[in-house]
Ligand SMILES: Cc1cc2nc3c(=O)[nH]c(=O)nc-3n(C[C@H](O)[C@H](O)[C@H](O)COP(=O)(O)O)c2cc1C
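Form predicted on its own, single chain, as structure tokens, below.
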């Protein structure tokens, strides 16, 4: 089984990431190739990078960093559920990525991105160079969700359509292939 870490990137009040993740996680859990773990950055509540040592040294002094390190380390693949803020990634996500170094290596990643017209695509494009620098393989398949505000119902649930469902299935297939291909490098 592939250990898939789903990271909810937004931490702001009224965020849409949680309902989007609540739609995506059961789809990933139903795919028998994956064990799914969710890391909600709002719950994890990492402060702005406060470790005295470079992440590459893996000499963590804070309990929150040790906990985050263990979560990312046990993952074989990632899905970032992320908005874009001012055409860039959510600051909490960039901060969480920067806390670690070795834990990310040789694992595939994809995105369920959301927003207005751009569907979070500009944030994804901005994240890819950072991830590749950490030896993460961003797969081409992802689930972009434009106009997400209009897809949240009165109860606060994300109302996916067939495009989203097909996109999620295709993305999970790609993550499974890449995770298998990179397994030797992770060992």
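Residue numbers count along the first chain shown, from 1. As the structure is a computational prediction, the values presented were derived from the model and not from experiment.
The same protein also exists as the form predicted in complex with this ligand; that form is not shown, yet it is the one meant from here on.
- At least one heavy atom of residue 16 is located within 4.5 Å of this ligand in the predicted complex.
- In the predicted complex, this ligand lies farther than 4.5 Å from every heavy atom of residue 108.
- Residue contact check for residue 85: one or more of its heavy atoms lie within 4.5 Å of this ligand in the predicted complex.
- Mapping the unseen interface onto this chain, residue 179 falls outside it, with no heavy atom inside 4.5 Å of this ligand in the predicted complex.
- 122 is the sole member of 122, 62, 128, 33 with a non-hydrogen atom within 4.5 Å of this ligand in the predicted complex.
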